[in-house]
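The form predicted alone is given below as one chain in structure tokens.
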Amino acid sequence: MQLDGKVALITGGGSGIGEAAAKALARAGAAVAVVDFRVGPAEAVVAAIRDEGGRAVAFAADVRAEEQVRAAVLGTVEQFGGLNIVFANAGINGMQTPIEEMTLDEWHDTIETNLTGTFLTVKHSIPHLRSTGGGSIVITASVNGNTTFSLPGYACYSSSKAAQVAFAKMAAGELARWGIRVNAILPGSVKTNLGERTYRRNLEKVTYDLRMPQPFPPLTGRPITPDEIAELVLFLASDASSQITGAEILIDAGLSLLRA
């Protein structure tokens, strides 16, 4: 799974899954553009990659803002001479609350970050992937909205994640003619800092008393690490997965086998 000579762009690359993927792809030989709405964490990831002898550059961009996304993609191409791999990873949990209590602004914040951000990242990457003869797009979706539907207050988040999978499949069919593969990963419980942008209100109104058997998730009994997710991203970015497109790939240690 070597990526020598490849160029990768990663949104949400300043922490968590994005950070781990940026480092994994760089170690495999790719030049990496680390895109995050917080420039400080993105630059810290770039510094760590360079300390290991890799090539990387940081871009500050809010994935909801089209011109910022366009600029990050163009900057990547100008810096490294092309684009081969796109990891549309930026996302938030947003507000978790009963549906009738969610405000329209809260709805828009999550949908625009998770779904519109994915659309803009893919849209502006396509011409550059096409010009290099194809490539790989990986989208971070979730088990929520795709295999599990039991977390209280997650209607908006889960809707955005289900829509990401539909978008990935549509894009896979549309872009296959140019050798561009598109796949979605569905992580379960992952140990990241995503909780920093998670807000909760009145969840007791819609909470069920669900008790999972122990250990849970059944395979490991612990959250998945970002590094473990990064290994899947590396596989999907590489030629080792050359015949895989339009797939939704679970990486949840069996979590969704036991949760409705």
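Counting begins at 1, following the sequence as shown. Keep in mind the model is a prediction, meaning the values are calculated, not measured.
The same protein also exists as the form predicted in complex with a small molecule; that form is not shown, yet it is the one meant from here on.
- Of the candidate stretches 208 to 216, 231 to 239, 31 to 39, 50 to 58, only 31 to 39 has residues whose heavy atoms lie within 4.5 Å of the small molecule in the model of the complex.
- Using a 4.5 Å cutoff between non-hydrogen atoms, residue 62 counts as a contact of the small molecule in the model of the complex.
- Proximity of residue 161 to the small molecule in the model of the complex: non-hydrogen atoms within 4.5 Å are present.
- None of the heavy atoms of residue 245 is located within 4.5 Å of the small molecule in the model of the complex.
- Looking at residue 153, you'd find every heavy atom of it more than 4.5 angstroms from the small molecule in the model of the complex.
- The single contact residue among 103, 79, 131, 189, judged by any heavy atom lying within 4.5 Å of the small molecule in the model of the complex, is 189.
- Of the residues 172, 92, 71, 111, just one reaches the small molecule in the model of the complex with a heavy atom at 4.5 Å or closer; this is 92.
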